[in-house]
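In the structure tokens that follow, the same protein chain appears in two forms, which are kept apart as structure 1 and structure 2.
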Structure 1
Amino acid sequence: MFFPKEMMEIELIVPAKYLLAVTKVLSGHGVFHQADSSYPSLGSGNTWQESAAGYAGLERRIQVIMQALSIDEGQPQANKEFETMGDLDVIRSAVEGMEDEVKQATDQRIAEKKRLEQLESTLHQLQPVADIDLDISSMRNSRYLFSMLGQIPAANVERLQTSLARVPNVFLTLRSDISKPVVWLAGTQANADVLERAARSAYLSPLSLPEEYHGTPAKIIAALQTTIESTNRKIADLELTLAQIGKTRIEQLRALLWDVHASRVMAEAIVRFGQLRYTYVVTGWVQSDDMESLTQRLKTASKEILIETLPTTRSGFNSNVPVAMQNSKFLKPFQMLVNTYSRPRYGELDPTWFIVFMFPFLFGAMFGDIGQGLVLTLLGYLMASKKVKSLSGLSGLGGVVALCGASATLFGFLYGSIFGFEEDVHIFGMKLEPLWISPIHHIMDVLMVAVGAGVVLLILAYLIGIFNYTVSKERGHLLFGHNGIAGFVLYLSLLGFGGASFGVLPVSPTVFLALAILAGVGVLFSEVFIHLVEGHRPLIDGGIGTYLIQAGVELFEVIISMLSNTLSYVRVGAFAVAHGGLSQAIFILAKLAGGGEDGGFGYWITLILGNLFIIGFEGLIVGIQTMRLSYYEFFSKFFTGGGMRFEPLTLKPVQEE
């Protein structure tokens, strides 16, 4: 639960005659994470590579056909078993036949749709001049006359006339319009270049009319509408033809897609196998829970197969071990938050459970309000349930939003706030009063509590880091690392020195100062001590002078980081205060809009809009700040990350891959 699932490394020696049967077992159950074999392929590696490329190309072609026929990829038949890899030539022949069948209707539909777009564009251009009684086709290809009919921004009309003052022309406004009047510009062909450049610079959009249309705009519009109706009928007939083809071919296409996809997955897997003279070498990772059942299936597929397994310890860095998380569906949204920062390494603690409690706690402390919290809880539920289509894309965050809303509701009771109301509020006949304190009225108390909570969280982070080092058996980092015992003692001693100096602790500050110096020396020479304990040589990279300067700067950064990380939690209290202040500002605006607390419609509308603004805008900002505190203050003390995702071979449908 607190660590990724236990993994086992597996190596198989597979006789060539059982290659496909074993590959099918490895690919068909979603439990085997393949690794590249360290044995080079001898002979047929390129052949399998060519086969994989061939299957991939056919898979794309089948998907194009299905897209043209509006056929979804569907699911493999429940009783469908993948017996052997498909014959490339047979499948290619079948695909080419269906491509030819679909291509003609598809190409015609594309051509008709393109023509329809052109017709509608021409119609759109003509509609502004529909009432002009002028044969505009007569202005086309004139030997002596240059003519341009179109629309121009009203602000540019005077500028165009001024720029053409010295050029003989006729400029008429055929229809006035506030934004884009319809104008006609004419002149001699000798001045055509000058007139056209001036018109273009003034953003005059000319009317482009196909050659086959003649007469007045009204007649051309009528002809265009008739042609558009005819084109729409052609498109509808072509789509009906394609629908009939799809209905006939749907099962065949889905079966072909499944066979080609499964063949491609297996071929790509075989490419990564090592090949000896008569056998193949397969390496990878399997979850320990699945090892026994996989071993039985492999021995059923091949009695001559050799299987060697090696349990993987959690000690060491283990960057090459794939990480499979074992969290429940409830924890998936919070696991997503952790993975956004980084995936845990195989040997370190998964911080998801800590985020489940810490993230909503910090959010609620900054956004405490009963009413606004309940709204967020409802919003999170709707997101997670996918009952509202517009929110279904955010379903992954639904659980986080709902839990943060519930936390905000709880802190709302502690702060005595509901939709910003904090005084003289009665719920079910009972007066609402803070169960703890009101942040806006006890600012310093809230800020001090926030810093105290930050100290507790940072101490927890240090303890988790020490635990991780213990589990991974990195003894040098455990004892002398910045986030190990030496760093933890330095942090505690600095806290104690500050508390004793201000009289909070009844101990002499000298005791803590001596302890801080001792721990500081451990952190200062941490590289030397770590190399010494873990057996690395040389103890120092570079000269002693360079090392002392670098180590001194790092020690200074560590101390500054401890101070800044602690003070960063002030923002929890600051946002709680700001939340109350923003609510009071909304009430002031509401009174101005409604003429008093009982001002009526304007007062309540302002309150509703103000609360929606707080829930949306401030809720987003508080969420970002909560994420920042989780990532940079909390995770940085113990979470290394960099784990490799567990991606088992599987013959699952293409759209799920």
Structure 2
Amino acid sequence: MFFPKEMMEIELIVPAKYLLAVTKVLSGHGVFHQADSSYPSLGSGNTWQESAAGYAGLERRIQVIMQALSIDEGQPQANKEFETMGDLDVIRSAVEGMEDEVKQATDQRIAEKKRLEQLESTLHQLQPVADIDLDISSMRNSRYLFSMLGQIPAANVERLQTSLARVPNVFLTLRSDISKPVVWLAGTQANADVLERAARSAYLSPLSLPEEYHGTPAKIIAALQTTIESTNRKIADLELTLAQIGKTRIEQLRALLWDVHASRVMAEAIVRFGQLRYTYVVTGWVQSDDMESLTQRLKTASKEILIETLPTTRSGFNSNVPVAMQNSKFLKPFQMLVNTYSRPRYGELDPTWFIVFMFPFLFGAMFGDIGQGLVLTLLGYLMASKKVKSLSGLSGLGGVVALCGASATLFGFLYGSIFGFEEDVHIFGMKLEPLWISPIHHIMDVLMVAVGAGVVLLILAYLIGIFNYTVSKERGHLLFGHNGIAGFVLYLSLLGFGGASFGVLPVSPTVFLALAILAGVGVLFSEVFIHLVEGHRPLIDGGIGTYLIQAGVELFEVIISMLSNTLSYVRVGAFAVAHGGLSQAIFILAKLAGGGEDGGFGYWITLILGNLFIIGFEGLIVGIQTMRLSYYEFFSKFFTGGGMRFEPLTLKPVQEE
């Protein structure tokens, strides 16, 4: 439950005649994570590589056709078995046939879209001069006047003006777009060459008006708009044609795509097998639970197959062991939060369970309000249940939002707050009183408790870190690491020193100071000690002077970060106070809107909008702060991550974790 699923390493020796049958078993059930065993290889790996490339190319071409026809990939039939690998030549000719059918319409559509783009660009450039009553073509053929209308990169406008400082000219910005302003440059024909070179070097792209457009800008704009309309109609017709082709071909294309996909997966798997003279070597990883069923299936597929399995220990760095998380569906949203930071390594404690409790706890403490918490819970439920279509995209976060809302409700009871009301509130005839404390009225108490909670969480984080080092048998880091025993003792002794200095602890501060110095020396020379314990040589990389400077700064950083990590939890209390303060501000605004009275339409509307603002805006900020406390203050003490995802071979599309 607290570690990723147990894995077994598997090595197979497969006789060549059973190659396809075994590959089908390995890739057909989504249980085998393949490792590359293609080196050294004696046989015809290139043939399989060519086949894999052939299938991949055809798969891409089918996808392009489907994209052109606006067909999604769909799913393979539920009971579909991919018995054999498709014949490349047969598939190729089928794909070519469909490409020919689609090509004419798609080519025409691309050409029309390009034309539309050009027409719109021309229109965009002409619109600023629409009011000028002058034949544009007369400017083009002017005898004495040089004139250029066009677009230029915004960054070049000023430079172009600078460059023309010594040449008589008129330069106007007709349309001040952020990226592509429309400008007009004019001068005498005698300076045409200079002006043209200057404009070109400033990347002024002149308006190129096709010959068929002439007359005043207004007349050309009208003609352009007519052409744009007819081009849009042409595009719509072509899209209709493509949609009709898509309707008749949809089933055939999807079936073909999944056949080719399965063949490609199998061919790519074989490329990564090690090929000997008559046999193939296959290595990979299987979850222990699936081992027995896979072994049986393999033996059914090939009686002569040799199967060797090796259990995997959780000690060591284990970066090559794939990681499959074993959390229930309920925990998936929190697992997503953990994976966003990093995936745990195989030998590392999965922190999802801690986050399940800690994340809503911190959120609720910062956002304690019964009413607003219940709204969030309802929102989370709607997100998770996918009952509201517009929220279904956020279903993955639904569980987190709902639990955070529930926690905020609980803290709302502790703080005695409902939709910001804290005084003279009656629920079902009972007066609402804080079960614990009202943050806005006991600011210092709340801040102190928040720091205290932070200390507890950090101690927990150090203990998990020590546990992780113990499990992975990294003795050097366990004893001397910044987050190992030396770091932990340093943190405790600094806390103790602070406590004793203020008279909270009945022990002399000197005792803690001595402990802190001892642990500090351990941290200062941690690299040396770790190298010593783990047998790495040389003990110091680079010179002693460089090491001491670096280690000294690092120790300084460690101590500063201990202090800042602890004080960082003040924000929990500060946000609880700010929440009360923001509610009070909303009440003042509501009273103003209600004409100085606690009631009336303006009062209640402002109150509702204010509460929605708090739920949306403050809720988001508190969510971000909670994530920050979890990731940077908590995780950084024990969670290394960097685990490789368990990606079993499968012939069908897989659901994302």
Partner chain sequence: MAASGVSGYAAISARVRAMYSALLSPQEMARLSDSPDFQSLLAQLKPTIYGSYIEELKEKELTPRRVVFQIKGRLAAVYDSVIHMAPEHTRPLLTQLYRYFEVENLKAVLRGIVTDPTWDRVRDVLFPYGSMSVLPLQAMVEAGNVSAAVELLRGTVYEETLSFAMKRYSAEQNLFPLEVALDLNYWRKLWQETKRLPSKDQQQALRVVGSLIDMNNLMWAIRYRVYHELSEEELINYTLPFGYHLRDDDIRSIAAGADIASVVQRVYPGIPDLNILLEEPRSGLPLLELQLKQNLMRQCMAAFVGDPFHIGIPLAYLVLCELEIQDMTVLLEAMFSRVSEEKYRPYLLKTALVKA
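Please note that residue numbering is based on structure 1, beginning with 1 at the start of its sequence. C-alpha atoms forming the largest set that superposes within 1.5 Å between two forms make up the rigid core. Everything quoted here is computed from the prediction, not taken from an experiment.
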| query | finding |
| --- | --- |
| Structure corresponding to the form predicted together with its partner chain | 2 |
| Rigid core superposition, S176 Cα moves 2 angstroms or more between structures 1 and 2 | yes |
| Rigid core superposition, A68 Cα moves 2 angstroms or more between structures 1 and 2 | yes |
| Yes/no, A514 Cα shift of 2 Å or more between structures 1 and 2 with rigid core fixed | no |
| Value in Å for the CA shift of M98 between structures 1 and 2, taken after the core is superposed | 4.8 |
